[in-house]
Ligand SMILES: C[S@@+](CC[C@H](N)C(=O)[O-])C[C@H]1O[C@@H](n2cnc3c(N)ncnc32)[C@H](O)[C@@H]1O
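Coming up is one lone chain in structure tokens, specifically the form predicted alone.
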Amino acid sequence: MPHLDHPSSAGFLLRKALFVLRRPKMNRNAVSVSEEYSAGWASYLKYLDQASDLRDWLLIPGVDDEAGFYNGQGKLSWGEFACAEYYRSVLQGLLAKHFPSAQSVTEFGAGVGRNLLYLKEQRPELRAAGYELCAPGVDVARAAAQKFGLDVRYEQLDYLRDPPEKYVLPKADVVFTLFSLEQLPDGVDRAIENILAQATLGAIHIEPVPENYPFGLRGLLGRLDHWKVDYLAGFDRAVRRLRGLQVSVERLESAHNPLMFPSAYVLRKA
């Protein structure tokens, strides 16, 4: 029997469905994304100042462990879900399974750099670097790397629009995105090509791809909500069009968003 503080799952789904149906269609673009995430990433500086060790930074108390509804093994679940830890463990597992010889990684859309610090702490010999669209994210990521004594380099980049000379980091064995491509309703073909050009072995993309959502109530609501917020479109088709790639896909059954069923794509260069 649920705890007295546990909200009604049926009530939540009804409210969520009404919200999704009523919400207006957004038009996501580089300016709106940059403004939204610049403010968001800048707010993380206070959490970095408060972090006494790397663990506090990778799992921020009161931020990354708040209770709420989430997608737990395909079921609508309530409670604390350490989604950042979960996604990083998936990423680490895919890297070990599909690219066991990789000695370097580059993240595109690194945010405040926590994914790379996690990988570097787990594998100190790994050369790790990241690109981020928003300057505040780069600033916080650099400060965190310095604070925790981890050799990870961060640079600012718009991987959809910037010219080749902006790709200042060395190419890596494996490149990856973790909920970064989701911000691209248009231009995903070019983004993938730009990202893959920086990899020698291949890429890992953990992203919400609505074509792979199940056809249950939450899956259908998730597809509609994805379209309403103007998230990633055409990713699977764009990947399948590229030549010289071995593509493997698996749908993750857990997610921070109860209407989201992310996919993990592994792209191996032939």
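Residue positions are given as counts along the sequence shown, with the first one as 1. Everything numeric here is computed off the predicted structure, so don't read it as measured data.
Here the subject shifts to the form predicted together with the named molecule, a form of this protein not shown in this document.
Chemist: Check Val188, Lys228 and Asp236: does every one of them have a heavy atom within 4.5 Å of the named molecule in the model of the complex?
Modeler: Answer is no for this spot.
Chemist: Which residue among Lys166, Arg142, Arg161, Lys75 has a heavy atom within 4.5 angstroms of the named molecule in the model of the complex?
Modeler: Contact check passes for Arg161.
Chemist: Heavy atom within 4.5 Å of the named molecule in the model of the complex: which of Ile192, Ala128, Val174, Cys134?
Modeler: Result of the distance check: Cys134.
Chemist: Test of understanding: in the model of the complex, would Val105 fall inside 4.5 Å of the named molecule by heavy atoms?
Modeler: Val105: no, not in contact with the named molecule in the model of the complex.
Chemist: Is Leu178 close enough to touch the named molecule in the model of the complex, meaning at least one heavy atom pair within 4.5 Å?
Modeler: Although the named molecule is absent here, Leu178 would touch it in the model of the complex, with heavy atoms inside 4.5 Å.
Chemist: Is Ala39 close to the named molecule in the model of the complex, meaning a heavy atom pair under 4.5 Å apart or at it?
Modeler: Output for Ala39 is no: heavy atoms all beyond 4.5 Å of the named molecule.
Chemist: My question is simply whether Asn71 lines the interface with the named molecule in the model of the complex - judged by any non-hydrogen atom within 4.5 Å.
Modeler: Residue-level check for Asn71: no, no contact with the named molecule.
Chemist: Where, among 75-83, 179-187, 143-151, 96-104, do residues come within 4.5 Å of the named molecule in the model of the complex by heavy atom distance?
Modeler: Answer to the contact question: 179-187.
Chemist: Considering only 98-133, what residues come within 4.5 Å of the named molecule in the model of the complex, judged by heavy atoms?
Modeler: Going through 98-133 in order - heavy atoms within 4.5 Å of the named molecule in the model of the complex - the hits are Glu107, Gly109, Ala110, Gly111, Asn115, Glu132, Leu133.
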